[in-house]
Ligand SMILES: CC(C)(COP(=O)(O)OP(=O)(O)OC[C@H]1O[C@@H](n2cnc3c(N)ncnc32)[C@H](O)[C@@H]1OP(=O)(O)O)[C@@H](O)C(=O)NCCC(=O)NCCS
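Okay, here we've got a single chain as structure tokens, the form predicted on its own, with questions on binding and movement later.
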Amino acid sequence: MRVDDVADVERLTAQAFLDVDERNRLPGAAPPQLRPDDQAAQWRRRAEHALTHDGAGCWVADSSNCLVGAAISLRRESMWLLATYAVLPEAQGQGIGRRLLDTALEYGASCLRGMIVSSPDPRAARRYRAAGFDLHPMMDGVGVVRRETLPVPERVREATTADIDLADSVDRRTRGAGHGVDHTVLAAGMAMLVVDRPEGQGYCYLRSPGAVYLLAATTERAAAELLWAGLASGTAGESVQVPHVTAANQWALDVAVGAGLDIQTRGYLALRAMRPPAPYLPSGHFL
């Protein structure tokens, strides 16, 4: 993958994931939409960041000078992460996805652990299991927050650049590896909340007010306080999502239920040589 591929890869992945969302839409759910322009711009920045730091883990497949698939993988300390993996619907069933994933996996051959946030696509789940990953079903909390249930987040504050080391320390305790350079691009485009007390530490990134993107903490109490604060930052009446909750993170379901959200199943957290991290809500891209 090259820098001048980024725009095409963004469109490719947006189309591929829209197809997955349409095929897996729950009854009564709103029709899925193509990635909006502001999120597309964020996606391109994340891809350029990956190319800068993990160029050897970023690959594309082309056919007749047209990109039909892509895989972006990262190495952070002793962990390999699959940030993006997609093949256009019309190019599937030809072995392209298998070759892309095998090539990306080679980039993480020296890593002890691995993590992937998988869509509900059964073909992706089958591919990850065949590659040796354990599949852990995930859930989302979805709906409009009952504002009257929101507690006062007394211990949560806005983060500063001095909190990046704290975040990496929490990462290592929860998932076994820090996010390292990823905190730079995360903090540049998102609000970050922090809890830093002797009895518990943690942080949470918000993609937008009320939209939790990534959360890690050393205790369930600190994690719950961060999640409540993230939900409280949203606007009354707007739908929110508590994403990527595994069974190991029942505290997040308790917050979601307490806030009046519905619980829905959504994809898998695919893990190699590690337990589901907790208290932890992974992001789709930086995990």
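From 1 onward, residues are counted along the sequence shown. None of these values were measured; they are calculated from a predicted model.
The same protein also has a form predicted together with the named molecule, omitted here; what follows describes it.
Practice task
State yes or no: in the predicted complex, is some non-hydrogen atom of Gln94 no more than 4.5 angstroms from a non-hydrogen atom of the named molecule?
Solution key: Result yes; Gln94 sits at the interface with the named molecule in the predicted complex.
Problem - Partner proximity in the predicted complex: Asp168 to the named molecule, non-hydrogen atom cutoff 4.5 Å - result: No, Asp168 stays farther than 4.5 Å from the named molecule in the predicted complex.
Problem - Contact test in the predicted complex: Pro151 vs the named molecule, heavy atoms, 4.5 Å - result: No, Pro151 is distant from the partner.
Problem - Heavy atom of Pro122 within 4.5 Å of the named molecule in the predicted complex - result: Heavy-atom contact with the named molecule at 4.5 Å: present for Pro122.
Exercise for the section: Verify the flagged residues Ala16, Val20 and Ser118 against the named molecule in the predicted complex: is each one within 4.5 Å by a non-hydrogen atom? Expected result: Yes, because Ala16, Val20 and Ser118 each have a heavy atom that approaches the named molecule to within 4.5 Å in the predicted complex.
Exercise for the section: Select, from the options 155-163, 78-86, 141-149, 175-183, the stretch whose residues sit within 4.5 angstroms of the named molecule in the predicted complex by heavy atom distance. Expected result: Result of the contact check: 78-86.
Handout entry: Answer option from Arg207, Arg127, Arg113, His136, heavy atom within 4.5 Å of the named molecule in the predicted complex
Key = It is Arg127 that has a heavy atom within 4.5 Å of the partner.
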